[in-house]
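Single chain ahead, by itself, as structure tokens, in the form predicted on its own.
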Amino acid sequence: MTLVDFANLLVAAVLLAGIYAVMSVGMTVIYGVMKIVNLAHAGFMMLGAYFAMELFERLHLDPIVAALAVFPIMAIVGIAVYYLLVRWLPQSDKPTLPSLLLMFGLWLVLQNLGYVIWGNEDRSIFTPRTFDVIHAGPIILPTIRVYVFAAGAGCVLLLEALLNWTWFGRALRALVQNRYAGQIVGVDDQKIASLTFGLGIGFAGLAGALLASLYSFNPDFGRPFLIRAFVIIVLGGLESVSGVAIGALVLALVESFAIIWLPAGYQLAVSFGLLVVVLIVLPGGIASLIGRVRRLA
């Protein structure tokens, strides 16, 4: 491998990490507040992809603008799903079987709804930007990936600002740290949980819409990305939003450089292998390792 090839792979991994972070952060905030492993995440990603396609084909919106427009739509859908289904689940400080079954069943419903409405054909979103590239010296940057990375990274940074500088963010972080202590000091846990679920579903839809600009999709579109999201949140720490960015970068680097030794079709196997290694060696994720280092320092 030449130095130029290495640089191109490194840049590709960084661009990929941006969208990986977007598709994982929604699962993290939902788990942090509600201790629900959102298996329906893949279904909402699929809906986001199709909503972006409809906005592009019917209203002729730019795919990136359409993806950003999908976010509030999916957030409202998420809040509605919370009040219709999720709020009836028993509260617990650990994932429960009813929550897993509900989310898995909802995923199947959404998937089959996709088959009924849009059929089983693969769809794609093509624009003049799809095949454009930017040449930065010897580095080749696919234009659409740069736009997707910018949109995704910008949304994650806005979420970080929301969590750190707003009342909602402080209340959310309080429930993540200790749900019962948050209730004692006056945090409305039902209201925060509904907004958090909406936020998480909004990010799932945004991720699906952005991924639709990069890949073809069908109603089973979200499944391989759900697996990657699990790897990322375990890597970053189940309740750490900032850890998600680190986990996304690690997974993107591993997948991108694995193609040197393995065919592209084995990328998902690489993700599974990385998940097993992390669960054995670092079950608390990278965030817990960083925390231990800071305490020792």
Partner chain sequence: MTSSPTPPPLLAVEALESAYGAVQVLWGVSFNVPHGQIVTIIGSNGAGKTTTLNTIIGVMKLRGGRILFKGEDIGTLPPHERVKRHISLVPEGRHLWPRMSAEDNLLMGAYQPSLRRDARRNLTRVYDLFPRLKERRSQLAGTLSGGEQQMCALGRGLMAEPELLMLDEPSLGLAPKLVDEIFAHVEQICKQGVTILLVAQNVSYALQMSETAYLMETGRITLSGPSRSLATNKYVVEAYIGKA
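Positions refer to the first chain, counted from 1. On a predicted model such as this, the values are computed, not experimentally measured, just so you know.
This next part talks about the form predicted in complex with its partner chain, which is not shown.
- Interface residue among 156, 187, 144, 226 relative to its partner chain in the predicted complex, by the heavy atom within 4.5 Å criterion: 187.
- This chain is drawn without its partner chain; in the predicted complex, the residue among 181, 84, 101, 116 with a heavy atom within 4.5 Å of it is 181.
- For the candidate spot formed by 174, 177 and 192, every residue has a non-hydrogen atom within 4.5 angstroms of its partner chain in the predicted complex.
- Screening 146 to 154, 103 to 111, 124 to 132, 162 to 170 for residues having heavy atoms within 4.5 Å of its partner chain in the predicted complex returns a single hit, 162 to 170.
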